[in-house]
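There is one chain below, alone, in structure tokens, taken in the form predicted on its own.
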Amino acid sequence: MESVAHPSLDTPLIEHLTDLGQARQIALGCVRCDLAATRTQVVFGEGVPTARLMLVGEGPGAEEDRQGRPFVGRAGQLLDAAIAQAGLSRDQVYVTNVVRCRPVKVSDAHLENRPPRAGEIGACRVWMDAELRLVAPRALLCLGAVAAKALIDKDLRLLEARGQWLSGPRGIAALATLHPSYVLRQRDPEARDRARRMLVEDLSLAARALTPA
């Protein structure tokens, strides 16, 4: 699907937006990639408009697509619990994804989640950049390899990089950690507990970004 010409979706205009709420409203009509054809609605980021910590995942799932909010499904519930365990609350951070429409594939006549493709991430980068510019977080926590590769380094190896402060977009200090859905996919209880501990450890490290300088 080709992008449909629409003045409000021109990249130069988006790059000069000064209001996060306006950016969200304009993004709701985005047709910059073919995910617009299968989504229920755009899932823009949400949270404190001036948050010092931004959490970025890969893309909305089925429940997020239904509600129009990021991280509200099972992975989101696990993330909220991990955030609390790290001594934070959801209302202290800003949460978003590298794509704002649910990437899907057809399996047995049903839609299933899939990782976003490079072209989809690229098409949505203008919204990612707008959120980074308008929120201006002090620190960035990338949830999963897709977000980490998109925002930190395309060659990043997640398990080797986690726990280390790296240079993110706009010079923002960035960390990479496990995606909550990865934790949920671990069938072995010990593996799941270990993955959850890693997530909480990295959230605790990121939480230090909320400490006044």
Ligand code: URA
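Numbering starts at 1 and follows the sequence shown. The structure presented is a predicted model; accordingly, all values stated were derived computationally and were not measured.
Just so it is clear, the following notes concern the form predicted in complex with ligand URA, a form of the same protein that is not shown.
For Gly45, no non-hydrogen atom is located within 4.5 Å of ligand URA in the predicted bound form, even though that partner is not displayed. Interface membership of Ile83, defined by any non-hydrogen atom within 4.5 Å of ligand URA in the predicted bound form, is ruled out. Although the partner is absent here, Gly168 is not a contact residue: none of its heavy atoms lies within 4.5 angstroms of ligand URA in the predicted bound form.
With a 4.5 Å cutoff on heavy atoms, Arg32 does not count as touching ligand URA in the predicted bound form; it lies far away. Taken together, the three residues Gly59, Glu64 and Ala75 all come within 4.5 Å of ligand URA in the predicted bound form, as judged by their closest heavy atom. Listed stretches are 66-74, 47-55, 34-42, 160-168; the contact stretch with ligand URA in the predicted bound form is 66-74, by a heavy atom cutoff of 4.5 Å.
Contact annotation for 77-106: a single residue, Asn97, has a non-hydrogen atom within 4.5 angstroms of ligand URA in the predicted bound form.
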